[in-house]
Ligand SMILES: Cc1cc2nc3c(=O)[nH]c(=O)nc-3n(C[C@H](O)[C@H](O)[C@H](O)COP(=O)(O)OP(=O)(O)OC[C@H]3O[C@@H](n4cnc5c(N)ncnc54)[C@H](O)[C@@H]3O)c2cc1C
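The form predicted on its own is given below as one chain in structure tokens.
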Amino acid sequence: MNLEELKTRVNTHEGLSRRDALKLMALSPVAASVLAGTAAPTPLEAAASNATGKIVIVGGGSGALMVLARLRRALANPDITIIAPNEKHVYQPGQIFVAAGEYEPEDIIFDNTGYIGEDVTWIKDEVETFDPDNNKLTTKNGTAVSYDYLVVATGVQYHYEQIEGLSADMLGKNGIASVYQSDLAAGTAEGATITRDWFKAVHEAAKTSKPRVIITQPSTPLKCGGGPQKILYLSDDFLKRDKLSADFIFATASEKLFSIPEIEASIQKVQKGYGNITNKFGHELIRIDAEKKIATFHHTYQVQGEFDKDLNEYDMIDKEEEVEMAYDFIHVTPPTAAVDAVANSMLGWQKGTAKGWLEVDRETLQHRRYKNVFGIGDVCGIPIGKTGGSARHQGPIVVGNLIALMEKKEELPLKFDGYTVCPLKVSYGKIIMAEFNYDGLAPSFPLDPAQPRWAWWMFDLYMLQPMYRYLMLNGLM
């Protein structure tokens, strides 16, 4: 089977073993270019530093493990403690592939222990309080830990309870699902399998009726901002492959589909191709009546007022209302926040739109007030960057700058450009690989980044997980 035969099988949704796919992709010049183009920038290679100091890393997700791996190599005599409760690791980007029926749960859950060396002190707990004024923290079990340098990689938490009438234990019932539901501390990702069953239930209902399906997106910062739309397009395409249909509503608190104009325009074309998607902008889910299957949204919008002769324009008047929508099925993306230990401490932003998120400089990733503290990943209160791809690019920045600080250098040498990536799954077999940074589009491969491509689907489905597991978490790319 050659690459063209592989492409045909994917486009016609025929079966394909991962082993065959990996072999063929490895032989593909496209795959080789992808691998070269997506390598994260790294500091200049040098001999291990003789700098000393006790480093504490808080968190057991991708950002924490990437920093840990790099620090162990970069320091001649590392003194590192990691505080993380999870012996299992969840490959979070794979949750949507589980929901879509492309992965099994065992494909995205694996042991954390192999990433934490015997030379590292591992406290299997979570932090209860931070005391950065005294370079100390306390775990939930009451263990006091001091540090010279701190790396915060605690991720986000989900607040289903902020939606009136909803709790996490209601997922999987009454047509409600959420792919985000997981217990990372326990190494579980039940939201993925709940949503896979939800896909099947929507499909079954569409055989005898045309169900109404709502996909929601909140106003809070979101881990992978394109996640809800991935569920939208894959669940729609899941029906269309069998010539079934439903009425889909994308109810988002945002006023647009994507922040990058070129990607926004491409997504609009995708939606027109489906022909059964209605966008409800400025709609934030605030209440669910699970028995009646009614979702209530807070809708904010503007209306045109009187004409202002001095400004030569119309006044725009802010309006708000509550809007009820009946549904047969609903996929909920819950509000998110930094974990309480960060949000309730002096480490969090104390005011502004990023209040509660870790207060770090958006380029150096060093805390703005506590200079011996750095952040990585979703917890950081910076404009963009809540993806695994961001963490991969942040890892060498954090390590390089932390070692520079330990070596008493006057300036931190490395800067994060805001890189993030959203593999936007617009159908089975097609992905828009939206790569961008603080300045706009930042593709790592010389192709139109707004064009949906089969190659990106193959890369994301078959190559990214092993790259993540064996290279990224070990700080090798």
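Counting begins at 1, following the sequence as shown. Since we're looking at a predicted model, the values are computed, not measured.
Below: the form predicted in complex with this ligand, not depicted.
J.: Would residue 125 sit within 4.5 Å of this ligand in the model of the complex, counting heavy atoms only?
T.: Yes.
J.: Looking at the partner-bound form in the model of the complex, is residue 92 within 4.5 Å of this ligand by any heavy atom?
T.: Contact check for residue 92: yes, within 4.5 Å of this ligand in the model of the complex.
J.: Heavy atoms within 4.5 Å of this ligand in the model of the complex: does residue 360 have any?
T.: Result no; residue 360 lies far from this ligand in the model of the complex.
J.: Classify residue 452 as contacting or not contacting this ligand in the model of the complex by the rule of any non-hydrogen atom within 4.5 angstroms, answering yes or no.
T.: Output for residue 452 is no: heavy atoms all beyond 4.5 Å of this ligand.
J.: Only one of 210-218, 290-298, 268-276, 378-386 gets a heavy atom within 4.5 Å of this ligand in the model of the complex; which is it?
T.: One stretch meets the cut-off, namely 378-386.
J.: Considering 115, 158, 147, 329, which brings a non-hydrogen atom within 4.5 Å of this ligand in the model of the complex?
T.: Only one listed residue qualifies here, and that residue is 158.
J.: Answer with one of 180, 374, 233, 198: the residue that has a non-hydrogen atom within 4.5 Å of this ligand in the model of the complex.
T.: Going through each option in turn, the one that passes is 180.
J.: What are the residues of 320-345, in order along the chain, with a heavy atom within 4.5 Å of this ligand in the model of the complex?
T.: If the 4.5 Å heavy-atom criterion is applied to this ligand in the model of the complex, 320-345 yields 339, 341.
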